[in-house]
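Below sits a lone chain in C-alpha cells, taken as the form predicted alone.
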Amino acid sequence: MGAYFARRFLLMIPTFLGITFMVFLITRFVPGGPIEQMVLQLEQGGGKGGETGAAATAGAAQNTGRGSRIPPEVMAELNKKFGFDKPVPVAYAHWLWDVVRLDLGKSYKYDTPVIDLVTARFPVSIYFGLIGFTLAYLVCIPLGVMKAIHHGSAFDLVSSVVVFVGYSIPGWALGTLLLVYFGGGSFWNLIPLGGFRSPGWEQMDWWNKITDQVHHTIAPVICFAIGSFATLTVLMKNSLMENLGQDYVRTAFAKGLPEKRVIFVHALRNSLIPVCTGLGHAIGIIMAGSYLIEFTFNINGLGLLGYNSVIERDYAVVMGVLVINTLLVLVGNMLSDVLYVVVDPRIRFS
C-alpha cells in the first residue's frame, strides 16, 4: 500500500505541472493583460511609482495624445517587469522556481506580494467552506437514511422534491434571492447585505462578536451547502437500500437481531463507504464554489480574490490562487483513497 501512495504522490507532480503550465500559457495570450492596462495608463498620463513610474514619466513626456505611440524602451521595461520578455517555457521555469521558494510574485493591482494576499484571505474561504461542508454531511446522511427506511412514503416523495428543487438552484443564484427577500429593502431585513463581519467588530464584546459572526454566516453557508444536498442525500439513500438487500442483512434479520441494530450497525457502515470517499473530492468543490458565492455576498475571501484577479488580468494572483486550488484538489484526491481504506479495511491497493 505504501508503494501505491508513493506512486500517487509522484503522479501529483506532472498533474500539477500540466495544470499550471496550461493556465500560465493562456495568460500569455489573453488580451487585456497588465501590459495593455499599463500602456493605457501611460497614454493617459498615469503610471505607478518606482522604476516603472519613472519610465512612465519619461514616456508621457514624449507623448501628447491618447493614441500616441509608447516608446520602445518603455515597452521593453514593461515586458521585463511582467516577465513577457522571455519565451514561455523559460518564463514558466522561472515562475515554478519561485513557487518552490514560496514566492508567488507580486500583485499588479494591489502592489502586494501574492502570498500575503492569499494567506490573509484563505482562512475566510475555509471558514465558510468547512461549515457548509460539515452542515451538508450532518443533514444529508440522516436524511438519506430516513428516505431509505421510508422509501416510497409521503416523506420520501416530499423530501425528494425539496432536495432537487434546492439542487437545481445554483448557490450564487440562491444567494441573490436571499439578499433580495431577506436583506432589507421592500421585504424582510433578516440577513446582512454582505461582508464577513460588521464594521467595528473588533470593538464589540464577546457575545456581540459571536452573534454578529453567526448573523453574517448563515446565508453564505446555506449557499455553500445547497449544491451538495441532492447528491449526498440520494447517494446515501441508494447505498443504504442496496445494502439492505444484501444476504448478510437478511441473515441478520433471520437471527432475530433488532431492526435498528441491523440497519444502523451492520448496513449503515458499509453504506457510508461511497459517501466518505467523496470527502476528499469535496475540498476542491468547496474552493470552486466559493468564487461566485463570495462575489454575491461581497466576502473578502480567496474566491473573491481569484474572481477579481481574473476580471482585472492580475495574472500573478491568478496563478497564486490556482496553485492553492490545485494543491487542495490533488491532496483531496489522495485523502479520498486513504478514507476508502479506513472505512473498508478489505480494500488493499497494490
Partner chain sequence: MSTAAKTSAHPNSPPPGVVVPESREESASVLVRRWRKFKSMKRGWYSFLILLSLYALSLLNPLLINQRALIVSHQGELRFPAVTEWFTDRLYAAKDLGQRAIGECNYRKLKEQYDAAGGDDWVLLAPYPFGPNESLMEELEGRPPHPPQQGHWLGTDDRGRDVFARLAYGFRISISFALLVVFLDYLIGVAAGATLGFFGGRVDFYGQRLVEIWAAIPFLYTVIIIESTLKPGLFMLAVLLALFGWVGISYYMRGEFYREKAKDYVAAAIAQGESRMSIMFTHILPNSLTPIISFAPFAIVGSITALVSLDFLGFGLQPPTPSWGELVNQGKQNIQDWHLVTFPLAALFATLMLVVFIGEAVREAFDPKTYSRLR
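Numbering follows the first chain given and starts at 1. Small disclaimer: the values here were computed from a predicted structure and weren't measured.
As for the form predicted in complex with its partner chain, it is not shown, yet the points below apply to it.
- Proximity of residue 71 to its partner chain in the model of the complex falls outside the 4.5 Å heavy atom cutoff.
- Taking the partner from the other structure, its partner chain in the model of the complex has no heavy atom within 4.5 Å of any heavy atom of residue 112.
- The shortest heavy atom separation between residue 238 and its partner chain in the model of the complex is within 4.5 Å.
- Within 4.5 Å of any heavy atom of its partner chain in the model of the complex lies no heavy atom of residue 102.
- The putative spot formed by 125, 142 and 222 is not touched by its partner chain in the model of the complex; no residue has a non-hydrogen atom within 4.5 angstroms of it.
- Considering its partner chain in the model of the complex, the lone stretch of 204-212, 253-261, 86-94, 116-124 in range is 253-261 [heavy atom distance within 4.5 Å].
- Only one of 177, 218, 130, 76 lies close to its partner chain in the model of the complex, with a heavy atom inside 4.5 Å, and it is 177.
- In the model of the complex, no residue of 128-147 lies within 4.5 Å of its partner chain by any heavy atom.
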